[in-house]
Structure formats: C-alpha cells, structure tokens
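Just the one chain here, laid out as structure tokens, in the form predicted alone.
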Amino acid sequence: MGKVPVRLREVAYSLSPNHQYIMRGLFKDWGYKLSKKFHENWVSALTLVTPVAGTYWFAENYREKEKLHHRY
C-alpha cells in the first residue's frame, strides 16, 4: 500500500494593528472582582495587615519618643 498525501489546513490568528481593545477583558468588572476577593479572604488579609501595621505604628511611635526624649 502506498502513502496517501494528506492536505493540511492551517489557520493563522492575528490582531489587527488598529484594534483598540486588546486587554479590555482584564479590567472588566474589576471593582466586583476585588470586592469578591476581599470578602472571601478578609481573615487572611486581616491576619497579614494587622502585624505589619502594628509593627510600623510601634516603630514610628518609638522613633518619635526618641526624638522628643531630650526635650524633657
């Protein structure tokens, strides 16, 4: 038996250089997506933010006390 040649079809996809909305889908409903992510993960976010904010507040307060220590 001989080999039968098979015709291949090729489809090339490309964007037009005049196309204006390439990344529109990334920013669609971003407010809803952010609020949904926050509401689903608020415990994790609070667990991360609380120690970081507390450490920053403590360091700023300590630095301010050191700066004003010589005045009194």
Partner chain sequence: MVRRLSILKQPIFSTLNNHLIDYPTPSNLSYWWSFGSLAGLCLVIQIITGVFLAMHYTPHVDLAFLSVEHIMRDVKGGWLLRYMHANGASMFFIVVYLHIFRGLYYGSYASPRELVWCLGVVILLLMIVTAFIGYGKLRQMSFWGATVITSLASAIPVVGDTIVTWLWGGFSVDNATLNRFFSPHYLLPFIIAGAAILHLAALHQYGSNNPLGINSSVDKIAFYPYFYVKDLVGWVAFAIFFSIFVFYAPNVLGHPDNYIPANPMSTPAHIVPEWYFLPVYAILRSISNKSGGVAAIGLVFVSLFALPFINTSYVRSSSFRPIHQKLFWLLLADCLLLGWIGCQPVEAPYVTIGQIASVGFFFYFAITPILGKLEARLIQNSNVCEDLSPRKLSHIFKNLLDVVK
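Numbering follows the first chain given and starts at 1. On a predicted model such as this, the values are computed, not experimentally measured, just so you know.
One more form of this protein exists, namely the form predicted in complex with its partner chain; it is left out here, but the text below deals with it.
> Taking its partner chain as it sits in the predicted bound form, is Thr47 in contact with it (heavy atom to heavy atom, 4.5 Å or less)?
Close contact exists here: in the predicted bound form, Thr47 approaches its partner chain to within 4.5 Å, heavy atoms only.
> May I ask you to state whether Leu26 is within 4.5 Å of its partner chain in the predicted bound form, using heavy atom distances?
Contact with its partner chain, no.
> Counting only non-hydrogen atoms and a 4.5 Å cut-off, give the residues of 48-66 close to its partner chain in the predicted bound form.
Leu48, Pro51, Val52, Thr55, Tyr56, Phe58, Ala59, Glu60, Tyr62, Arg63, Glu66 sit within 4.5 Å of the partner.
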